[in-house]
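Read the single chain below, which is given as structure tokens and is the form predicted on its own.
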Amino acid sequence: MSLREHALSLFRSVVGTVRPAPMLKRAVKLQGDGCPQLLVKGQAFPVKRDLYLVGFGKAVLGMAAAAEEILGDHLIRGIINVPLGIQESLQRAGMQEMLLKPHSKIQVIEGAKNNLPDPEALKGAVAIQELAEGLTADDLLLVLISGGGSALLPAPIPPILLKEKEKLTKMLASRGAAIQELNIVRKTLSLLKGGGLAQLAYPAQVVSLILSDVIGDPLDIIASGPTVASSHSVQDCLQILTKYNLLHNLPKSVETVLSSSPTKPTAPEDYSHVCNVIIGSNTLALDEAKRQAEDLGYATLILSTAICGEVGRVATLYCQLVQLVCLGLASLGEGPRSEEVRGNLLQLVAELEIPGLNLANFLQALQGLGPERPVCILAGGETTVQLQGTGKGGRNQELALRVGLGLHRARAMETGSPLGRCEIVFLSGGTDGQDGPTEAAGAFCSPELVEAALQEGLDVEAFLSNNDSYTFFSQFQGGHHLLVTGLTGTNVMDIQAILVRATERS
């Protein structure tokens, strides 16, 4: 198998591991008939009267199908908000197990085209709000949450209009705001986010099953934390708007809401009726990828599940790592060149401030791999792109193209470079199957691909400065290097894989 096929197989196994049904079935059981209990990861919740279900997010359709199977007749009614077109897409892909049965008690509302809140998503959010408001102390509300939940649960605090909130979110994103920052602003302006849904469902018992798509799995940030006490105040929201120079550019309605919002977050004791459980994450996915890569014969290391930062800086980090791997495979892991690359890496990681990454330990493990086996480095997380152009792309495709270009340049600069003695493939893909407003999940790249493009007269640099990575990959070599999976029905952020093996050329 080629490195590209190996990378594709790793990506598919990752997505398979975090598919909703297996995850839900591992976490949830229903026990007993007389007074049934819902068991969630060993914790018991008595079903005193009626059991209801609501959900929102890219993976929620599959989660709901599995939940309905487990809950059976105990489920009275459900409402889920899922991405536009997902039912048809899963049907086409033959993923029947992710679809609800014909006489399901769960109503499905599709919305949030291109992952942006829209009137359909708002309609679903209002229906979920009404269901939650009607619950009693004897009811149990099961809430299914996954990434993409923010866009699928828009309920702006009146008088804010949906289009005003959407415009503000777009402006923040285009100025490079991180997902955490976007979510803090969204939930400050929302009725349901930041714990709002849990408050409306009181006094019913609320059990949330969460598939995390955010670095570090912070409960109050995933889908903007509709069932979690918000740790942020209106002050945090104002700080973000100031940081991106938007404070004096706000719609009147947003100003009204911000000026009348409580300055302190809700107290945690107001959430004693809520239990939040993470049932899947990027960590789980990467652990599976590591097992698979080792089965394929790779010496495998996980760099981090919290890769974040500007896409160009992260690409530089990966290029330096690849150089270090190639030096190791060429048995040059101890020389001055290696020391220089290690120094560059330590400086880069310090600047990127990747949470929980101990690079010194990682480099030590890398050094201990030896030159005999091909190397696989895995990572996960979410980069940010500062839009400068008008092209079409996504953060994964842009990252892949930047890594390919960086490696090509490094190889060209150094005669007899160890990079020239290695075969390298870099893959970056979104586990939800969607990268930006394109049908690709991401892309594969290599220095050879960039070399071939340049020989055909393509200006790779120009594609990148126009944020036009999708156009590059789709036009060049028949789109062969795009990673196209279709919607996967799940979402645990992005996955990157670096595969390197020594070639015969010495």
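None of the values given here were measured: they were computed from a predicted structure. Note that residue numbering begins at 1 and tracks the sequence as displayed.
The form predicted in complex with a small molecule is left out here; the points below concern that form.
At a distance threshold of 4.5 angstroms between non-hydrogen atoms, G391 is in contact with the small molecule in the model of the complex.
Within 4.5 Å of some heavy atom of the small molecule in the model of the complex lies at least one heavy atom of R395. Residue contact check for Q367: none of its heavy atoms lie within 4.5 Å of the small molecule in the model of the complex. At least one heavy atom of Q434 is located within 4.5 Å of the small molecule in the model of the complex. Remark: of stretches 436 to 444, 37 to 45, 453 to 461, 61 to 69, the one touching the small molecule in the model of the complex is 436 to 444 (heavy atom within 4.5 Å). Contact check at 4.5 Å (heavy atoms) against the small molecule in the model of the complex: none of E181, G312 and L348 pass. Note on contacts: among L296, L99, L352, A173, the single residue with a heavy atom within 4.5 Å of the small molecule in the model of the complex is A173. When the small molecule is considered in the model of the complex, only one residue from P418, G148, P374, G333 comes within 4.5 Å through any heavy atom, namely G148.
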